[in-house]
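This document opens with one chain alone, in structure tokens, the form predicted on its own.
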Amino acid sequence: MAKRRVGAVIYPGWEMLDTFGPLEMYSVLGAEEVEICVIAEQPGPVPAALGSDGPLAPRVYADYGFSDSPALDIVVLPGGSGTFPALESAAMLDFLRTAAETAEVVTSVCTGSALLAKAGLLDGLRATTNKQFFAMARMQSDQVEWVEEARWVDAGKFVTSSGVSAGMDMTLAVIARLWGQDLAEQAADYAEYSWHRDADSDPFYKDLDKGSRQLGLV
């Protein structure tokens, strides 16, 4: 099989570990298996989230804009405090719909699944999101079977994870599916990462909508 192109789709206020946790796992597979790129609405530097204080963290250079992005085999869509304004971006939602048409797998971490839901891509599917802000994602579509207690949910083409570090667990499961269990184990070992392997067990379920209540969403 030809190498797969992995593309992280970022926006102002994207969460760093949501993005680089999964990309690190894919990078371990090596240049013969993957090409990794970063896409944003426009190419150039895009600031990450600094906690909940907005896009104030280090900037990462987007290799491509939405208009010149190559086709992606695997999409990595992070969450972050910037998800709120991104939900109102027609350009973002249109790009996600276009990228999903030809992608082999579309993955989201944290509140990234809210963007997929707003784009209509998760309708009729099971999905999950960051437990503290679960209501935020649920508000984007009532056509999604939202799974509250899950570390990640594999719905075939669309794979969604809980918050932040859960993206690495999800990504290792995707690697196991596409490249085999041995390579997934090697990636986890190389990263010295203790892989949480049970998709249905989420230790942070206890914090369901804690952040949503603080924001007045529920």
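Note that the structure is a prediction, hence the values are computed from the model and not measured. Start at 1 with the first residue shown and count on from there.
Another form exists, predicted together with another copy of the chain; not displayed. Remarks below refer to it.
The candidate spot formed by I36, S52 and V164 lies fully in contact with another copy of the chain in the model of the complex, as each residue has a heavy atom within 4.5 Å of it.
Shown without its partner, this chain lists E149, D63, E41, D154 as candidates; in the model of the complex, only D63 has a non-hydrogen atom within 4.5 angstroms of another copy of the chain. By the criterion of a heavy atom within 4.5 Å, Y11 is excluded from the residues contacting another copy of the chain in the model of the complex. In the model of the complex, another copy of the chain lies farther than 4.5 Å from every heavy atom of S141. Within 4.5 Å of some heavy atom of another copy of the chain in the model of the complex lies at least one heavy atom of A188.
Within this chain, R59 lines the site of another copy of the chain in the model of the complex, having a heavy atom no more than 4.5 Å away. With another copy of the chain left out of view, the stretch that reaches within 4.5 Å of it through heavy atoms in the model of the complex is, among 90-98, 115-123, 70-78, 131-139, 131-139. In the model of the complex, Y190, A191, E192, Y193, S194, P203, F204, K206, D207 are the residues of 190-209 with at least one heavy atom within 4.5 Å of another copy of the chain, listed from first to last.
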